[in-house]
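A lone chain, given as structure tokens: the form predicted on its own.
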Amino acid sequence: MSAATGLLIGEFIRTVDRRYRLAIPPELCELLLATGSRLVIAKERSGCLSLWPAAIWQPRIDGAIEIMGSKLQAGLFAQRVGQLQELGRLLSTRHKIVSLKARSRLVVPEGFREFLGVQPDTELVVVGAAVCVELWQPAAWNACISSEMPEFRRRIDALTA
């Protein structure tokens, strides 16, 4: 992690205990909690959850919901009700407000455990993903990083040019 830059970075192996608690590394907690104690846990991709400061996540979601609501009121979704329904279903189940408990432990909520594919007394990979913290099932993390690593140089060059 780099407190100087405000980026959440680092890779850590942590074990989920019998109560589905996971210790978030202190190196990531400082920045993750910089805007308050409320966090949002979100289903990202199979085998991965992300943990966001609510102050960052909530305005993005609220803005999108407001836009969709006004378009619905204006009748602009008349031919796209099915798409709106699918998106609403995902919005309803995709995220949840959480907070860290004693010793910076996150309790992985029901419904999110299955999506992540985690069992008690198993390891997860905790990854700083610059703007959020990701929780990965190890096999899913290895597959993701293996597919993305060949593009690393091109991506960093594009973002730092």
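For every residue, the number given is its place in the sequence shown, counted from 1. From a predicted model like this one, the values you see are computed outputs, not experimental measurements.
The protein also exists as the form predicted together with the DNA; that form is not presented, and the subsequent description refers to it.
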Next item on the list: Check each of Ala42, Val131, Val107, Ile56 and return the one that places a heavy atom within 4.5 angstroms of the DNA in the predicted complex.
Entry: Val107
Next item on the list: Indicate whether Arg38 is a 4.5 Å heavy atom neighbour of the DNA in the predicted complex.
Entry: no
Check: Does Ser146 reach the DNA in the predicted complex if we count a contact as any heavy atom within 4.5 Å?
Finding: no
Note to self: in the predicted complex, is there a heavy atom of the DNA that lies within 4.5 Å of any heavy atom of Arg113, even though the partner is absent here?
What the structure shows: yes
Notebook entry, point to check: Hey, in the predicted complex, does Arg60 get a heavy atom within 4.5 angstroms of the DNA?
Noted result: no
Check: When the DNA is placed as it is in the predicted complex, which of 47 to 55, 30 to 38, 98 to 106, 131 to 139 ends up with heavy atoms within 4.5 Å of it?
Finding: 98 to 106
Next item on the list: Output the sequence-ordered list of residues from 21 to 42 with at least one heavy atom within 4.5 Å of the DNA in the predicted complex.
Entry: Arg21, Pro26
